[in-house]
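One chain follows as structure tokens, the form predicted alone.
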């Protein structure tokens, strides 16, 4: 079975459908809440420092993105990396409850603001992350480092762990006034979360998933061998320049990080152009939208180093989070959920319907169009055209995530109908 031993996925090691599914069905609810919050308070896109803006950001990052990533890792670690998590269903249940409650408490504590609630959030999120990372570490330590994906998954989990520890520390600074440097730690938190956690997890997964599901040639051997290590090492050097306030050197290192991210993005887009699919499918288009948005967001980061305008950091956040990572996650969810439904029906000895019947293209296409329109509306709102632009973006975001949830629920309904037939 071991994925590390070859290029076939170890489907027989897949956990119970409920393990990742509970995360996937919970995540869009946080996206809906983010849309409602922006609809009520359209001024939140004017600055990233207000309590409301922090609440909005963490509804997206912790509520939606981290929830999706945790659910995906319960599936990816055993199937793609050959590292089954021990007691998967029990661990998934505990992690899901702690992280969901912690995300709610975090958003409440940041937005109100409510320091005591923020402390509760730290304990809940800290406990949930501890349970997951210990279980994931046990799983990965059992797997020999012979392939890029299990090796780079280690880097991604370490990077994500660093980002979470920094985030919990920042929450305690806000809640209890810890005598630690807020601004440098905040910068490190964002950098490690975006590139050290989400970025490297995307890379580790893409080495296998992009060639297999998008029918492309494999990634260049040099990229899969050195990219994660080079990115992790450069992030460590960048962290030192931030803490020691070596501003001029920091910008040079940031350029190196942008170049590393660009190498992954450029190679992925080049491989997609060489796909053996005659017409790119809908989810591949979502992937391309995400990668293009990441490029635009990285450019905004470079501009922000030479501009005092609050526009560039907010715009980079919109492009990287909603346009970049969420676009890619949507593309993956629309592949993963119907495939898992088909897989578990097949493993149960049921004649599973075609995946296109479990999840037809039409509702997926419409939801992804809504996602792209929402991204455009968020960019317009960030530019400060009018308060109504923010309200419209909030309304569209609410619709977008509710639609995503509805599409996934419809897959589950089709799964249950097939199972009971």
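Residue numbers count along the first chain shown, from 1. Here the structure is a predicted model, which means the values were calculated and not measured.
What comes next is about the form predicted together with a small molecule, which does not appear here.
For residue 132, no non-hydrogen atom is located within 4.5 Å of the small molecule in the predicted bound form, even though that partner is not displayed. Contact check for residue 54: a heavy atom falls within 4.5 Å of the small molecule in the predicted bound form.
Contact between residue 189 and the small molecule in the predicted bound form is found at the 4.5 Å heavy atom cutoff.
In the predicted bound form, the small molecule lies within 4.5 Å of some heavy atom of residue 58. This chain appears without its partner; in the predicted bound form, the one residue of 158, 282, 168, 263 with a heavy atom within 4.5 Å of the small molecule is 168.
Among 66, 375, 45, 34, the residue placing a heavy atom within 4.5 Å of the small molecule in the predicted bound form is 66. In summary, the region of this chain contacting the small molecule in the predicted bound form, judged by heavy atoms within 4.5 Å and restricted to 239 to 247, 72 to 80, 200 to 208, 178 to 186, corresponds to 178 to 186. Contact check for 21, 341 and 405: none of the three has a heavy atom within 4.5 Å of the small molecule in the predicted bound form.
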